[in-house]
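Read the single chain below, which is given as structure tokens and is the form predicted on its own.
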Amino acid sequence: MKQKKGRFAAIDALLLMGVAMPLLAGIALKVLFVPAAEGIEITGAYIFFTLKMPVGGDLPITETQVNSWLVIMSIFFLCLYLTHGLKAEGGSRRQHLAEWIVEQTDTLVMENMGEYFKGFSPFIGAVLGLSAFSSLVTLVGLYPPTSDINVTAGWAIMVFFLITYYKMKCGPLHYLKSFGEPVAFLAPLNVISEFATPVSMAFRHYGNILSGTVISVLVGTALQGLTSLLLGRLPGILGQFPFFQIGLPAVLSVYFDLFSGCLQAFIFAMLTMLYVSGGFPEEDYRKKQERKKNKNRKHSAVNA
């Protein structure tokens, strides 16, 4: 029994290390390769190296790609940790936490998408987790992938394909006719609105995360300058100590890094659910399925 508990605890420790090690590796990469900024310097993701491609130009490997994979690895090991040692009855606190996450995600999907889309829960949970953790890595000093338009645009394009797929459930002709609703002369506006959806989703998420990073840097630098201006004449180390940088940057970090990051993840997931379910012509699809069933029944009766 003791040996079994010891093995269980060892696996738990390895899984927790799997959660932490990708983030520690990201911090080490930043310390070793990303040059330190001097003064106010707001740039994009640092380019580690560039791969020569046979067609389409070179492929830069940046902080965005590296940190995205590190976040995915951390989430993967976190899921393994939360689901390690599941029991049919009772269970540990982490099992209750895992069950609560699943239940809340299922409820969110059912309330916003309906019964037909109940299988979307894993996808929405993945969107929420990846988006939130990609923004929260700023708390450990890493470059947030969500402040790169390429990442949020990729997610938005994926959602756009899902929206289009479910809009075409009743066939391409039905999909094309939907652009003429409620009146035909609005078709150009409906086409523009169709392609504006992924653009607005990408820029909303990217813009909010990036603006929070920029504001935090500007306020921190301004407080450093204010400290130097008002207290720089103090003797010794007191004149170099950033008194005004104590407290306020931490409050801003709580809002922009923690609250805003989680809020934008929730908004992106909500928009995904609403756009996909809202574009699905459920009533017409069910009528089409019913006609198909009736046709099959008649065909079976004739053959019998």
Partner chain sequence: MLELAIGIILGCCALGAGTAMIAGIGPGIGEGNAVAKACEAIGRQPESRGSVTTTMLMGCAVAETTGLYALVIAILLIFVAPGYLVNILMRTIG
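Residue numbers count along the first chain shown, from 1. Note that the structure is a prediction, hence the values are computed from the model and not measured.
Another form, the form predicted in complex with the partner chain, is not on view; read the next lines as being about it.
Q: Of the options 61, 263, 254, 34, which one has a non-hydrogen atom that comes within 4.5 Å of the partner chain in the predicted bound form?
A: For this set of options, the contacting one is 263.
Q: Can you pick the one in 104, 224, 95, 211 that has a heavy atom within 4.5 Å of the partner chain in the predicted bound form?
A: For this set of options, the contacting one is 211.
Q: Just to confirm the contact call: exactly one of 22-30, 51-59, 64-72, 270-278 touches the partner chain in the predicted bound form at a 4.5 Å heavy atom cutoff, so which is it?
A: Going by heavy atoms within 4.5 Å, the stretch is 270-278.
Q: Kindly confirm or deny that 200, 203 and 206 each have some heavy atom within 4.5 angstroms of the partner chain in the predicted bound form.
A: Yes, each of 200, 203 and 206 comes within 4.5 Å of the partner chain in the predicted bound form.
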